[in-house]
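Shown below, as structure tokens, is a lone chain in the form predicted alone; questions about how it binds or moves come after it.
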């Protein structure tokens, strides 16, 4: 059966109305909804509307501050630390990205960290904000639940700790890398469970060291790091930069927001912005990125490989397709959203005007 599709503006309006119903001010609800809809539009389906019921549950339980005083706590010419006041992570990180871009324009590069934030969706949302200014964006975050033990261990002391990079190009699509430090982000596990699908081997392992394929049993095991022990090391370093450096939760202090809807998560994130103009002509840099992209795309392929993809190309193509054809919403997710609408007495997604 074909999944129903919705227009991105329809999805955005629905989420704005729903977030307002649980207490977010209109402007904040719209900002969060825009970023969540953008996540679905680029194909990050583990971080878009699928998260809405969970966000609403945390807000209703008092786990998120609906009227945060997001503020700069420490600042130098090229750096800042933002206190998110336990607001929605999307609001905190949009503020952090905007500040970092402004600082990079003056200093050539900037680093802005945050603490007392919350889950903010896919990492690439914020790295990509630099592209509108012909700048390079880098993003780091501590995940909102520990699903990764140290290499060789069983204690869940690390999370997926994502990293993203967005690099502008000229005529080609920008290079956008968005990855968890685990083979799969936990949001992808949740999306598989929502759709009733099994996970491929290599995503998770049970506590006896056997492959775990059923996403409904994900709590019986743990995610696997990319590249074995190297991925574990990368997850640790990203956590130190996004969490420990900012005085945010890391290691055993990370709150599992999947199960605890009341506690302050104190999520740590960081964004770094580099202005290529500090190193030379931006147009020349972008031309050279184009040359490299074409060299890679046109390079010799293994037999049976139709195309070599660059990071972000498939998301770029998916975004164009979804703008044309609508964003597919799995039937099981649509039913979950319908129940949420009924609980909150708001129009359903299908009844929301595009």
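Quick caveat: nothing in here was measured; it's all calculated off a predicted structure. Positions refer to the first chain, counted from 1. Each form is matched to the other, and the largest set of C-alpha atoms that superpose within 1.5 Å is called the rigid core.
The same protein also has a form predicted in complex with another copy of the chain, omitted here; what follows describes it.
Residue-level contacts in the model of the complex: of 119, 83, 95, 188, one residue has a heavy atom within 4.5 Å of another copy of the chain, and it is 188. Contact annotation: of the candidates 264, 177, 72, 213, the single residue with a non-hydrogen atom within 4.5 angstroms of another copy of the chain in the model of the complex is 177.
Contact with another copy of the chain, judged by heavy atoms within 4.5 Å in the model of the complex, is confined among 255-263, 203-211, 120-128, 83-91 to 203-211. The putative spot formed by 26, 53 and 322 is not touched by another copy of the chain in the model of the complex; no residue has a non-hydrogen atom within 4.5 angstroms of it. When contacts are judged by a 4.5 Å heavy atom cut-off, residue 275 counts as touching another copy of the chain in the model of the complex. Using a 4.5 angstroms threshold between heavy atoms, residue 233 counts as touching another copy of the chain in the model of the complex. Using a 4.5 angstroms limit between non-hydrogen atoms, residue 288 touches another copy of the chain in the model of the complex. The closest heavy atom approach of residue 311 to another copy of the chain in the model of the complex falls within 4.5 Å. Residues 74, 76, 77, 78, 79, 80, 81 are the members of 67-88 with a non-hydrogen atom no more than 4.5 angstroms from another copy of the chain in the model of the complex.
The Cα shift for residue 185 between this form and the one not shown, taken after rigid core superposition, is 2 angstroms or larger.
Remark: with the core as the superposition reference, the CA shift of residue 221 between this form and the one not shown reaches 2 Å or more.
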